[in-house]
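Take a look at this single chain in structure tokens; it is the form predicted on its own.
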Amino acid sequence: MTIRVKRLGYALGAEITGVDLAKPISDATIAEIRAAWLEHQVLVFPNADITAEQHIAFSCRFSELEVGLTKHYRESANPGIVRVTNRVVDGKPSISRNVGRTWHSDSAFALVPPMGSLLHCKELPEVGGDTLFANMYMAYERLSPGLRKLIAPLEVVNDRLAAPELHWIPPEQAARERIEWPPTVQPVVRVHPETGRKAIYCNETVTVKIHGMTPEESEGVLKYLYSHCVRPEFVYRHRWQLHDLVMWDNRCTMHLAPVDYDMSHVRDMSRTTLRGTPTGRVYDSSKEYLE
């Protein structure tokens, strides 16, 4: 089987047709899909009317699934699935209803950030509910040589508790989160382990400062990078259709789920997360200024 690849955006994004995700897929076709993924960073599989089990099976062709991260959002019946929904769950507002409202790379606070994710559309509002993706290769390559040289050795401190949706959790939960997910030090410029290309790897959701600097000293550089990374020419906006499956590469993209719809209307998604490779180290504030 030879898949059909249609570019969707100038910066990134491609539609994949000619494959039925509900049926067994050959190794050769998976290799074609992976090559397209590495080239286009975001793949859209339209009209993928698949079950949770088929979603998981397809995802596992690319990597082991990550089940430790975002465990609070996972389905009990299918622990490989994260539910991203504004539906009422067990009589309460869903805890995932407001995730992703600022630009981010998934779990950039982790020592083993995910390789990527596959998000499946179950139900949509009448209008809106889009997802925006930004090309971090392009963002890096469009910097001036002087700024690329400046940021090449820099690292940032990333903290899960800096994420806006966690600002209001009870202190006892925050203490548990801090033990399980301590802040980490990550490179500002990450080298993709498969393509060898360089990408900017810091974001407004969890990055708190440049390592070795104060937040005030870091602010100018980071604010510039945050705004530069999401220039319109680097961004693809996906307008969801029912049963779309969208697969993105977490190592070279950022994404954002804006509140561009009536929250009284249902937006219901299921996500699998692909386990990645280690990067960074645990942040030790006592040694920061001694290095």
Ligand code: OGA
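Predicted model only: the values in this text are computed from it and were never measured. All residue numbers refer to positions in the sequence shown, first residue = 1.
Although it is not shown, the form predicted together with N-oxalylglycine is what the next lines describe.
Residue heavy atoms within 4.5 Å of N-oxalylglycine in the predicted complex occur in exactly one stretch of 155-163, 203-211, 100-108, 178-186, and that stretch is 100-108. Across the proposed site, Asn86, Lys122 and His243 without exception lack any heavy atom within 4.5 Å of N-oxalylglycine in the predicted complex. This chain is drawn without N-oxalylglycine; in the predicted complex, the residue among Ala257, Ala48, Val235, Leu225 with a heavy atom within 4.5 Å of it is Ala257. A residue is said to contact a partner when one of its heavy atoms sits within 4.5 Å of a partner heavy atom; Thr131 meets this definition for N-oxalylglycine in the predicted complex.
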